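Here you get one chain, nothing else, as structure tokens; it is the form predicted alone.
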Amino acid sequence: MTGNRPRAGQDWDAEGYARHAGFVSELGAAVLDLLAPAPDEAILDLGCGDGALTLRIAATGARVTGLEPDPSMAARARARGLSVLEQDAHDPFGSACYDAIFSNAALHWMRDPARVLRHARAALRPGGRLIAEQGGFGNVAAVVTALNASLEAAGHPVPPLPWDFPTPAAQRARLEAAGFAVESIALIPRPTPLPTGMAGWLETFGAPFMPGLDPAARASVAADTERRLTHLRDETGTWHADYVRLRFKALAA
């Protein structure tokens, strides 16, 4: 916890994220199309990260603001010329001030999703829309299983899953409880090539599984995890992560 805000145990480095996980924003075109931003709309990018997708929203003529709690990510987004609220989404972020809220690959990091969705509903004008894509049920299941097995084999504790990967039914219930009418929601399997391999993915996203481990222990667990996952490397030697995304559109009722 940070104050009264739950945390997933992840600290970010904007440069490392761009190198190892730039594919996250590159693969956001479909959810951006679902947003369909219009000129002069007020749009919040919830969990905007380094602002790569936020900038594409701004290019449509929308008045876009990013929300990002990590200082290094927020600084990178501001360096792109974007306006950023540097705060946690578990705290309120507006009252009836946005026509749309957009979120890509961020909601699964938020440890009290019902609370975040209530804040999103409060920040939207009546009839406003929430367009989001996040990890869904089964996301990176093979990677997590291998990582947990490696931790256990080395005698390290196996932590609870640090992410929220809901089923469509579970997320629909949360959205409706927060005051949304769900227009569409679906799981989308998306095996995803990893530009810097499984090692780069584990370096970027594996920290919540290894709190308290020294660098040598982390490196050993990562190497053993990679050894267990060779079936995720294709005939060209490219590693893939077994991503499953949950994409939805909900309207402020």
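Counting begins at 1, following the sequence as shown. Model, not experiment: these values are computed from the prediction.
Just so you know, the form predicted in complex with a small molecule exists too; it's not on screen, but the next bit is about it.
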- Any chance residue 150 has a heavy atom within 4.5 Å of the small molecule in the predicted complex? no
- Task: Evaluate residue 129 for contact with the small molecule in the predicted complex, applying a 4.5 angstroms cut-off between non-hydrogen atoms, and reply yes or no.
- Result: no
- Message: Check residue 243 for me: does it contact the small molecule in the predicted complex (non-hydrogen atoms, 4.5 angstroms)?
- Response: yes
- Check whether residue 105 has any heavy atom within 4.5 Å of a heavy atom of the small molecule in the predicted complex, and answer yes or no. yes
- Query: Which of 121 to 129, 158 to 166, 171 to 179, 73 to 81 has heavy atoms within 4.5 Å of the small molecule in the predicted complex?
  - Reply: 158 to 166
- Query: So which of 140, 85, 110, 146 reaches within 4.5 angstroms of the small molecule in the predicted complex, heavy atom to heavy atom?
  - Reply: 140
